[in-house]
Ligand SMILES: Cc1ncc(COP(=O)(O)O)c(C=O)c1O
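One chain is shown next in C-alpha cells, namely the form predicted alone.
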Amino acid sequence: MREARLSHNENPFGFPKDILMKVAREIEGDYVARYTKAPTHELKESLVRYVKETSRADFINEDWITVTPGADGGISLLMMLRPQRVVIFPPTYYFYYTLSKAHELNVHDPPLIGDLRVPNVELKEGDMVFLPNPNNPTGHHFSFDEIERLLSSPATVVIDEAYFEFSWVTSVNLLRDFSNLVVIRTFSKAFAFAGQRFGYIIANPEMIRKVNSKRNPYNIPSLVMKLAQEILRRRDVFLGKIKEIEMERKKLEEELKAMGLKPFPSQTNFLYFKVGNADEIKNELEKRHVFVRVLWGGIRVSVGKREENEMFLQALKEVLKI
C-alpha cells in the first residue's frame, strides 16, 4: 500500500547503500565488539574541518566540539546543567517543552511577535534560551540582530541549527565574541541519518567541558561514528539531494498557494501553513495514507519525493473539496 510519511522531516531519499557497504568492509569485528569513547580523534577532526569550511570560524578546534545522540540528545545534555529557566518563543520546536518537563525545569515562553520576531524579554543569569534557526515549525530565519540582542544578555543562548544544510546560515562565527553562545546540530535531516541519532555541539571549551561532565563517554556507537566520518567525507552526495528537496519544496509551495493556502517561506525541508481545522484535515489525510504533523494550529508537511508530494496534494484537494 502506498503511503506518504511526511510528518518527521526525514530525508526522503534514504541513506546511500554504497556508503554503508564501504564502512562495513573497512571495519574489523573487534572494533564493533569493544567500547569506544566518543568522539574519536578522527571524528573530531572531521567535524572541526566541516565547521571551518562552512563558517567564518577558523578559531574552532577540537576543544570546541562534542558529540550527542542527535540534536535532541544535545538539548537534553544542556538541560542537565540545570538552568533556572528555559526560555523559548512559540511557535517553536515542541520537544523543548517535552524535555523541560522531563528535567523538571521552569519554562518561560513569550510568543513571537509581529512578523514572527523575537520579543524583547528580560533575560537573567541562569536562563537558557533555545532558538531554532531556521525555526521549526515555521521554517523562517531569525536575524543576526535578534540573536545578538539575546546574546547581549547574561543568559546562555542555544541556537538550534538542525536545518543548517538547507539554509547555510550559521551563528558559529559569533562564538568568538559571545562566550554564552551554544550551537547544536544534527545529521538527522540533511544527511539522512535520523535512525542513528548523531548530533554535535559547538561552544566555547568551558561549556564543552560542562556538557562532557554530564555525557556518557560511550554515548555514540562506534559504527555510527565511522559512518558520520564517511558522511562528511562524501557530503557532496547528500548536498546534491538537498538541491532536489529544495526544488520539490518550491513546487509544493506553489501548489499550496494555488489552492488558496499561505505556506510560510521556508529555509528547511518542510512547509507550514495555518488552517482552521488542522486536526480534522490531518485525520482525513491519514485515511488516505498521507501523514503530516499538526503544530500550533497549523499543518507542517515534510518535503518528500515527487510522488509523495503529489500524493499529499491530491489527498489535500480531496479533503478541502477543491
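Predicted model, so just to flag it, every value in this text is computed and none were measured. Just count from 1 along the sequence shown to find any residue number.
What comes next is about the form predicted together with the ligand, which does not appear here.
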Notebook entry, point to check: Ok, Glu230, Glu146, Asp72, Glu165: which has a heavy atom sitting within 4.5 Å of the ligand in the predicted complex?
Noted result: Asp72
Note to self: Using a 4.5 Å heavy atom cut-off, which residue among Arg215, His141, Arg197, Lys241 comes into contact with the ligand in the predicted complex?
What the structure shows: Arg197
Item checked: in the predicted complex, Asp160 touching the ligand (heavy atom, 4.5 Å) -> yes
Item checked: Contact of Ser171 with the ligand in the predicted complex (heavy atom, 4.5 Å) -> no
Check: Is Ser188 close enough to the ligand in the predicted complex to count, meaning some heavy atom within 4.5 Å?
Finding: yes
Check: Wondering, does Thr156 line up within 4.5 Å of the ligand in the predicted complex on heavy atoms?
Finding: no
Check: Which single stretch, out of 28-36, 63-71, 274-282, 49-57, brings residue heavy atoms within 4.5 Å of the ligand in the predicted complex?
Finding: 63-71
Check: Though the partner is not shown here, which residues of 123-158 have a heavy atom within 4.5 Å of the ligand in the predicted complex?
Finding: Pro132, Asn136
